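Have a look below at one chain only, the form predicted alone, in structure tokens format.
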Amino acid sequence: MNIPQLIDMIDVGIITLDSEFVITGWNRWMENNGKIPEEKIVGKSLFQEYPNLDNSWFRRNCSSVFRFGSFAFLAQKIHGNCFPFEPASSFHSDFEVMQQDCTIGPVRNEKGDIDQIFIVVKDVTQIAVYEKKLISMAEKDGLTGINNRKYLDSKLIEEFERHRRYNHNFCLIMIDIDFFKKVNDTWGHLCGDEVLKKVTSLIQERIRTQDIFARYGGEEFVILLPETELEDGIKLAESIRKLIELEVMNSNGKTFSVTISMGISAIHDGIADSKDLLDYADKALYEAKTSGRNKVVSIN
């Protein structure tokens, strides 16, 4: 089947297949992105060129189109990417593979019988990039760039459920910058913002990539430590406390230092849900602040 010149001009991929999944049509978009000229692929099995498509869900959708004359939609979010094409430009560097949505539909002959199907391949990488950025913005704190409380809440629930299924240990550290209001009142809010960013940066140096670090609100932060027992959490907290204490802050040529108070709790049988774990850590933090600050307190 020859693809009309108009179909070669549109900005989507179009493939036609017979009932044996032999390629009968391959437009210019597919040539450009698949790096295979039409004359070298027409007449070959689709699965020979793209074995990843030789699976039950793809065959099932195609068979449904042949049998009922309906349409099938293969969304990238659900089915992944049908064709391993490179993104169209460096703008799409967020993804190694072009993100695609595909539509499968019937092709009827003069008698009205369905003897072929078509696949329309649409590049949705740009949409996926924007979606990814929007999700990131919704989960990040605007000032420090670390995770926000919304993200922390979701991860805390995930980690709690993982503990219930597999009995994995984990603990949580709640952090408060001591006398932060005094920093703002003395040096100004811009200086306060710089302190928040500096403290954040120092903490990030000490934690693992798998740890969840989030701004809980104001000058409070939380570190969620998967696969970590209380003793190890206390050691980490002490190392962070000392690191912050020794750091020299600078504002308009004047130097000063800040300290932090930390409360730690670890998962145990007496904790019913993720909110309980936060409550234990919050109580430990309160004790650290009311008993002199610049210290680590654990409650379990």
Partner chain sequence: MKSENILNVTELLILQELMNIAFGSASADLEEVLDISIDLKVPAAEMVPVTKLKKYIQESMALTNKSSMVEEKFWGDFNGSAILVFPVEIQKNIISLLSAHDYPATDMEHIEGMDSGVLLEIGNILIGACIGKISELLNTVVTYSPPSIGSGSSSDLDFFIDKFEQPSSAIILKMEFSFHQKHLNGKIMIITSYNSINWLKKSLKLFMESYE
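Quick caveat: nothing in here was measured; it's all calculated off a predicted structure. Numbering follows the first chain given and starts at 1.
Same protein, other form: the form predicted together with its partner chain, not shown, and the subject of what follows.
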message: Taking its partner chain as it sits in the predicted bound form, is N61 in contact with it (heavy atom to heavy atom, 4.5 Å or less)?
response: yes
message: Under a 4.5 Å heavy atom criterion, is S56 part of the interface with its partner chain in the predicted bound form?
response: yes
query: So, in the predicted bound form, is M98 in contact with its partner chain at a 4.5 angstroms heavy atom limit?
result: no
Proximity of H189 to its partner chain in the predicted bound form, heavy atoms at 4.5 Å: no
- line: Among R108, K198, R208, K122, just one has a heavy atom within 4.5 Å of its partner chain in the predicted bound form, namely R108
field: Of I203, C82, A72, I177, the one that lies within 4.5 Å of its partner chain in the predicted bound form (heavy atoms)
entry: A72
message: Only one of these stretches, 223-231, 72-80, 142-150, 210-218, has heavy atoms within 4.5 Å of its partner chain in the predicted bound form; which one is it?
response: 72-80
